[in-house]
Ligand SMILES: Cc1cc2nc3c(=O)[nH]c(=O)nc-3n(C[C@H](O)[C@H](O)[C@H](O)COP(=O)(O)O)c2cc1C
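Just the one chain here, the form predicted alone, laid out as structure tokens.
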């Protein structure tokens, strides 16, 4: 039987499949089901910076309507702000503590963040609760014209530096594919000393229901066709950066896992394929990986990892090609 163990961010994983952050990794029961399915690690459902601040703002607005509060000199608002933030983090920290008692696989805390503000002070609590690593899901979209591409990149670096100064556990950064100079951004993020980069963040996709005139979600789940973008960038960068790369979008089958490993990825994260196929699908994916390895004569993943990255393959330019020139050249 093939040995499927890998190292990701210094963590020993029994196989390269990680359950990504989602509603499937929210509660202790969810996490236990994930472990039973065969995944090698779990990324907990994200603690959202925006949600913490919005809830605190809402409670402050309610308090401001009370005649019992003398607004000019009251400390109530500071209390509300601190209490709400601590309450969210306390619940999250407690879930980590329980998970570490009941699970035998690594538990990775996840923070969805848009700034390097005071929320970073909570990072030490996640580490102290027993989180094996922290994944920063940095969700900054280029919608604000006042923010240049350099500003957005610097915001990422500021968040990373601040978090790394507050924790000793491995840190991964989940990034968007929407950068003007993605290759350089990956290099600069890797140079901060992070342990992993997750490719890529998948944002809410809006659609319009023209019957009831409502904005609705479109393409809630990824498709296998979306693997190519993660595959391309992992193949191009895996030999050039000093940290692990992990694919997060488009991994739906055991064959997809094999492709990412061949491209140089250290691990893969799955979410949509579990929603679509159920938890039993993890065993199918792992069986497909084992069967392929046996057919190729591989006993360990290290024997083929990275063999098809941009520096090992005979056709490295294929990963950088932008158009199907062979077909276009045949058009009369």
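Residue numbers count along the first chain shown, from 1. What you see is a predicted model, and the numbers here were worked out from it, not measured in a lab.
What comes next is about the form predicted in complex with this ligand, which is not displayed.
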Distance check, residue 110 to this ligand in the model of the complex, heavy atom within 4.5 Å:
yes
With the partner left out here, check for me: in the model of the complex, does some heavy atom of residue 174 sit within 4.5 Å of this ligand?
yes
Are any of the heavy atoms in residue 162 no more than 4.5 Å from a heavy atom of this ligand in the model of the complex?
no
Decide whether residue 196 counts as a contact residue for this ligand in the model of the complex under a heavy atom distance cut-off of 4.5 Å.
no
The single option of 289, 34, 271, 282 touching this ligand in the model of the complex, heavy atom within 4.5 Å
271
With the partner omitted here, the residue among 238, 120, 95, 249 that in the model of the complex has a heavy atom within 4.5 Å of this ligand is 249
Heavy atoms within 4.5 Å of this ligand in the model of the complex: which of the stretches 263 to 271, 289 to 297, 34 to 42, 302 to 310 has them?
263 to 271
For the stretch 196 to 212, I need every residue with any heavy atom inside 4.5 Å of this ligand in the model of the complex, listed N to C.
200, 201, 202
